[in-house]
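To begin, one chain is listed below as structure tokens, in the form predicted alone.
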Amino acid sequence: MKSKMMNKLSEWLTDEASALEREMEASQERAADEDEAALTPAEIRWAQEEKEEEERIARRLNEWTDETGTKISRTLYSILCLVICLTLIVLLLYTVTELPSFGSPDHPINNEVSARYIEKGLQETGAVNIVTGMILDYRAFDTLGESSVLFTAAMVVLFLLRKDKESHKYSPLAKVMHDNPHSDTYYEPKNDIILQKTAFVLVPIVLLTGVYVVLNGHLSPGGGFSGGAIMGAGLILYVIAFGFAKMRRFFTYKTYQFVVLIALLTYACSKCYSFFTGANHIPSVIPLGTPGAILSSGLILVLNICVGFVVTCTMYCFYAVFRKGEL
């Protein structure tokens, strides 16, 4: 009984609120009609003219913004760019004029650091190539960062351009490739007998040259970066001549992941060992070997191989993803 009374009371309050709201709306409409009826024809005409004048001013302002405003902004942008460029040129030229002359004994590079590299580099690193000893021993942590940057760049390119079933939903570039199935990037190279026979001879030579440059980086000019670039060029030449189908017989996306991961982990672990022993003044158990021998310079040879693998895989990854949208 009590619940029925509460329901009736609730319905009554709802009806009263609705009736009050309708009455307020009706009174507002009547007031507006009375105000409009109270205006004289001259006042109505004046209000219309005022409204038309406001619309005309707004239209002229938009036209000025579209035409004159755009020209002014472009002019200011050009002037600002010119001023910034000239300022930078003047500052750089002034800096160059203030630099010490080439070969001057007062040059900042002639300090105890460079002297240590030259005088004790062979003794401390075992590398005949002083540049390699500096990059992969004294500054090996910096080189690890450079290799990581290459790997990160390859991953970003894969994220943006890799073509799979869902990639066109997330990447505009992948969507363009997905929506153009007749693009040249979707076709394998034509069977050019001259190109294939030439590549058949050149690819092994190029790869062997890259391996030589990597393995001799601590003995002669070269190393992981330059040797890896040569081997990457060899892989690109192979895929241009024979196509991605044959390349995937021995180099796939899983191969890329495995090789780069092992190379970076090996590099990091090797240098962590060197940092730990060096910071705690513990003699390293890895011998430097005989300077000039292929198996010498301690961990530098291993680091060169790791860097060479990373650079090789990154170069081919860039080409394959830009060319085909996948590895």
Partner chain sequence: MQLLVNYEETAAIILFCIGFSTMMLHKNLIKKIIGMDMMDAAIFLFLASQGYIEGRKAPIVAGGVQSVEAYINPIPAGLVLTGIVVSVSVTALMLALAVRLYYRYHTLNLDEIIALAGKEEV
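Quantities reported herein were computed from a predicted structural model and do not represent experimental measurements. Positions refer to the first chain, counted from 1.
Another form, the form predicted together with the partner chain, is not on view; read the next lines as being about it.
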query	finding
Single option in Phe141, Tyr77, Phe250, Phe200 placed near the partner chain in the model of the complex, where near means a heavy atom within 4.5 Å	Tyr77
Single option in Met231, Met134, Ala241, Val213 placed near the partner chain in the model of the complex, where near means a heavy atom within 4.5 Å	Met134
4.5 Å heavy atom contact, Pro204 to the partner chain in the model of the complex	no
Residue contact check: Gln196 to the partner chain in the model of the complex, 4.5 Å heavy atom	no
Heavy atom of Met315 within 4.5 Å of the partner chain in the model of the complex	yes
Residue contact check: Tyr117 to the partner chain in the model of the complex, 4.5 Å heavy atom	yes
Any residue of 78-101 that, in the model of the complex, places a heavy atom within 4.5 Å of the partner chain	Ser78, Cys81, Leu82, Ile84, Cys85, Leu88, Ile89, Leu92, Leu93, Val96, Thr97, Leu99, Pro100, Ser101
